[in-house]
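First, one chain by itself in structure tokens, the form predicted on its own.
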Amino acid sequence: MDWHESAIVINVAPFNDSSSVATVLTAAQGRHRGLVYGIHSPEQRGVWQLGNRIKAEWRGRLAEQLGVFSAEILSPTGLAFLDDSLRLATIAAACELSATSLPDQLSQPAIYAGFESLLQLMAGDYYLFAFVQWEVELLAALGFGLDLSACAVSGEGRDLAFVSPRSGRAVGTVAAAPYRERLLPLPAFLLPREAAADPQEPADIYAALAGLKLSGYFLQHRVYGAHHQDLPMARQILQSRVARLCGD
């Protein structure tokens, strides 16, 4: 059997001197692995870079087999930001999260579409916010979606400023007052303007850090912690770099 599909390269691991095992993310095939022969050749070297969008062909006798990949490059995103450490760290974090949290060979149209959108936004100013939005979508796809539609206490769909670390539900400013130190700040960029406690909150590096801390908390405690694992190192590095920019 075989398939052809647009894909994003999310992991490449050595197999032998001339071959590697590549993992890609596609809409219909989800996370899928295959052997890449001659990966160090001039023709292949630039194709299998993390974050690159490729047209992938997978061939194998059975779906359960490792199979073999061939590919041509569609968009060299992974190569476009080699001189930008923060953008490169963002791509690496998204790749490692995809490679370590998603099940094998299960269709992921929403996560793939979100990843494609993130890559398209990487050249702009708001890529960190797109990354956090994608992490929230990843949590939902894994069965741990956050409920940011209304206050968990009052039921009101406005003045939202916090998230309960236990329930993953939003909490309004007034309801949060008695125990706000135990809640996670909810940045306004994750909400419709009319729902945020501070609709004028700037979409700056501090808001991005708050978003990373929020989504990172639930990824750690609901996804990776359940398997006694830490957040992937690439994700930890991204948050640490943003924290340093904030003086945190």
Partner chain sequence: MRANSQGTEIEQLLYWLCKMPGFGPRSAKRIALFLLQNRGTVLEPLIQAMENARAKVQNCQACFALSTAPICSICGDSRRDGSLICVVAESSDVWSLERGGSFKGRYHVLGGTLAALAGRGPDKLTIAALVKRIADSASGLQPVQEVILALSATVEGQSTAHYLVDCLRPSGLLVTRLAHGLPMGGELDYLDDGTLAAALSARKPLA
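Positions refer to the first chain, counted from 1. Fair warning: this is a prediction, and the values are worked out from it, not measured in the lab.
Unshown form predicted in complex with the partner chain; subsequent notes refer to it.
- Annotated contacts: 85, 100 and 244 all touch the partner chain in the model of the complex [non-hydrogen atom within 4.5 angstroms].
- Contact between residue 135 and the partner chain in the model of the complex is not found at the 4.5 Å heavy atom cutoff.
- Although the partner is absent here, residue 49 sits close enough that one of its heavy atoms falls within 4.5 Å of the partner chain in the model of the complex.
- The shortest heavy atom separation between residue 168 and the partner chain in the model of the complex exceeds 4.5 Å.
- When contacts are judged by a 4.5 Å heavy atom cut-off, residue 78 counts as touching the partner chain in the model of the complex.
- Annotated contact segment (heavy atom within 4.5 Å of the partner chain in the model of the complex): 70-78, selected among 70-78, 112-120, 127-135, 146-154.
- For the stretch 13-36, the set of residues having any non-hydrogen atom within 4.5 angstroms of the partner chain in the model of the complex comprises only 17.
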